[in-house]
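Given next, in structure tokens, is a single chain: the form predicted alone.
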Amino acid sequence: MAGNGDTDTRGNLPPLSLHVPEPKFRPGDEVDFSHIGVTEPGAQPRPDENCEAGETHPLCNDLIRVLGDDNKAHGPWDPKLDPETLRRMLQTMALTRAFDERMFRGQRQGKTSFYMKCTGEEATSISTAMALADDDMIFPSYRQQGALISRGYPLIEMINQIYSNEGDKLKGRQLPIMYSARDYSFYTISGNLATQVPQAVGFGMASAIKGDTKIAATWVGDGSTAEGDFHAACTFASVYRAPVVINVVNNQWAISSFSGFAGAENATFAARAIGYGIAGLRVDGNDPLACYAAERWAANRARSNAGPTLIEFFSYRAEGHSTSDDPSGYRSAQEREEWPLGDPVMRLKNHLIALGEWDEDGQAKMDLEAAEQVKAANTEAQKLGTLGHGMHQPFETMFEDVYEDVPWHLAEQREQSLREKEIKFGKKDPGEAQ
């Protein structure tokens, strides 16, 4: 009998090999997205919102689409939004894109250390946020600035936080773009991946325990679904039928690794729902109407005590992961142009034009107004300083907001620090404008 490690008796077996996922295209490669199953708009059934979870599971391997190549809405998932709502959605997208462009330039000019754009993914946050009630709690990832803008949060407050200036309500304690807006039902963004998912499920469970009517919705990237927090949250959501919508934005890439490292080669992300026995939908993430319809369906389901829904928004990250990333180092430059599902802003604009409710002149005017609105907010924010230049939070605030009452040892440290600061800098704070 062979002992441990003795492979002589296995000479007829091939050696084991480890599979390491590889993206289909690398820098310089020709791009061919023909392997992506782009379904016919309107061909997907729309189950009743209170159906058994299993009835949705075929949709986890489909792709819910509403807008066709003719720029018209098709099928049972058409939310039949009125033109004014569609224009408001388009205006929010234009404003978000203008905001991204201005803040990107601000980072390149040294006004902030970090920024993340959501170009190409606007529908996954704006259309979905509009489908929720205003007091439903949003637990975002770091690319949902569109959701906050759609709720009317002041742009100047967002810029203050990005610039970590005197007006930053978070007092410079959060990485730029990690907003917190309790009054707008927008939970604090965390840089730790996937922590927001169990928080959202917990909020939904607490809301149900209290007999409230508010649900929770959370967003997570495809890469973050590999985190343990994501799977723990899905278990709790399934067991307790938490009133929560779990939105997975599959933009094909994590920081510099493609979605295969999170399991995309083996199953869709929506198919995670099948294993947990919860409702699941897979949606064209660049179709604003499909995004709205799926989120509204899931929100209505949660609010009627039918349980949670996991939605995969199949999209594409058009820009780098952040201002610290150069995607040309790991993916083909052709991918953005060849992406078969198009651009969500252009698709919504063309839909309104097809309805006779919009035109190119109106779009040009909207884009200009959005750019001017962001420019004005940026000018006001800069009066309160930018990162490394100008006014910041008072020196002593580093000792505040951890305890309700400052304990004696922190009080002593604060006084000592203030004395040393005064010796070195005089009465002024070291970050104050000279």
Partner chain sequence: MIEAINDALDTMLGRDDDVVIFGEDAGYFGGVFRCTAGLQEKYGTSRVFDAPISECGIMAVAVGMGAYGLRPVPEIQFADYIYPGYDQIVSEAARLRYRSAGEFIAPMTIRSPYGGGIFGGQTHSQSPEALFTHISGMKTVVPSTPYDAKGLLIAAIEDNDPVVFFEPKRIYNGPFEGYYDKPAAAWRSHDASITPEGYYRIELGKANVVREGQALTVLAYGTMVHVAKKVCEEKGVDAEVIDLRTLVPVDIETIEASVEKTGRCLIVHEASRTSGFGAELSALVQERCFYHLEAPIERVTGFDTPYPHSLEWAYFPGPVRIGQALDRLMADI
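Positions refer to the first chain, counted from 1. This structure is a prediction, so every number in the text was calculated from the model and none was measured.
The same protein also has a form predicted in complex with its partner chain, omitted here; what follows describes it.
Interface residue remark: S113 is not counted as part of the site for its partner chain in the predicted bound form, having no heavy atom within 4.5 Å. At a distance threshold of 4.5 angstroms between non-hydrogen atoms, V239 is in contact with its partner chain in the predicted bound form.
When contacts are judged by a 4.5 Å heavy atom cut-off, E319 does not count as touching its partner chain in the predicted bound form. Residue contact with its partner chain in the predicted bound form: A364 places no heavy atom within 4.5 Å of it.
Only one segment in the set 50-58, 404-412, 33-41, 66-74 has any non-hydrogen atom within 4.5 angstroms of its partner chain in the predicted bound form, and it is 404-412. Of the candidates A206, A226, L355, A133, A206 is the one whose heavy atoms come within 4.5 Å of its partner chain in the predicted bound form; the others do not. In terms of contact with its partner chain in the predicted bound form, the residue from Q107, S259, Q199, T268 that brings a heavy atom within 4.5 Å is Q199.
For the three residues R173, S180 and M398, a heavy atom within 4.5 Å of its partner chain turns up in the predicted bound form in every case. Residues are counted as partner-facing when one of their heavy atoms sits within 4.5 Å of its partner chain in the predicted bound form; in 70-107 not one qualifies.
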